[in-house]
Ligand code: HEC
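What follows is one chain in structure tokens, specifically the form predicted alone.
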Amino acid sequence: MSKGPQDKLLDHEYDGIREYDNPLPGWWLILFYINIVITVVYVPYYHFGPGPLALERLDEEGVEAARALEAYRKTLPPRKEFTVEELAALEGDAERIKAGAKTFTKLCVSCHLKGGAGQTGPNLTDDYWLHGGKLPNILNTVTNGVEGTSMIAWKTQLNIEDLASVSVYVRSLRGSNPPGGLPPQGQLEKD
């Protein structure tokens, strides 16, 4: 290897190997020294001084976000509750059942399978119900979930209209008994 015009051969040798003195580029050294200066200021200010660390700032932002969410929720109209008569009137609404089927397909088939035959969740197509098969009971189960099971409360993720639609759809599955459904669970409940 030929020596360049600026390369200087250092005067030490080890096992017959000699080394050239190749200085670092000037721009690299400038950035290195700037980082040292920043570190000398940053560490005492943020780790030992008044500067907030990243986790502290994240906690503050989380508190602010929670306040903003609570303020937003106060601007929303109160959550509507369906009466038993209103729920009964929804039962024959084909559009409501269709909307419920869409939501059921998106959110519920992983546990109840398509058509409600049941997998990790119970069979929704027979006359046996764990938490009641009347529409208000179904709406309550969908809304509040069942503690200690994989049935979560959907009230935080769906609005009351969607909850009612899913409940009406689940109610419409009764008696369809698709093949391969889970065996009956719960209490027999006839109309």
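What you see is a predicted model; the values in this text were computed from it and never measured. A residue's number is simply how far along the shown sequence it sits, counting from 1.
Although it is not shown, the form predicted in complex with this ligand is what the next lines describe.
Listed range touching this ligand, judged in the predicted complex by heavy atoms within 4.5 Å, from 63-71, 24-32, 44-52, 144-152: Contact criterion met by 144-152 only.
4.5 Å heavy atom contact, His112 and this ligand in the predicted complex: Answer yes; at least one heavy atom of His112 falls within 4.5 Å of this ligand in the predicted complex.
is_contact(Val166, this ligand) in the predicted complex, heavy atom dist at most 4.5 Å: Residue-level check for Val166: yes, a contact with this ligand.
4.5 Å heavy atom contact, Leu107 to this ligand in the predicted complex: Judged by the heavy-atom cut-off of 4.5 Å, Leu107 is in contact with this ligand in the predicted complex.
Partner contact for Pro136 in the predicted complex: this ligand, 4.5 angstroms, heavy atom: Heavy-atom contact with this ligand at 4.5 Å: absent for Pro136.
Members of 121-142 lying within 4.5 angstroms of this ligand, judged by heavy atom, in the predicted complex: Counting only heavy atoms within 4.5 Å of this ligand in the predicted complex, the contacting residues of 121-142 are Gly121, Pro122, Leu124, Tyr128, Trp129, Leu130, His131, Gly132, Ile138, Thr141, Val142.
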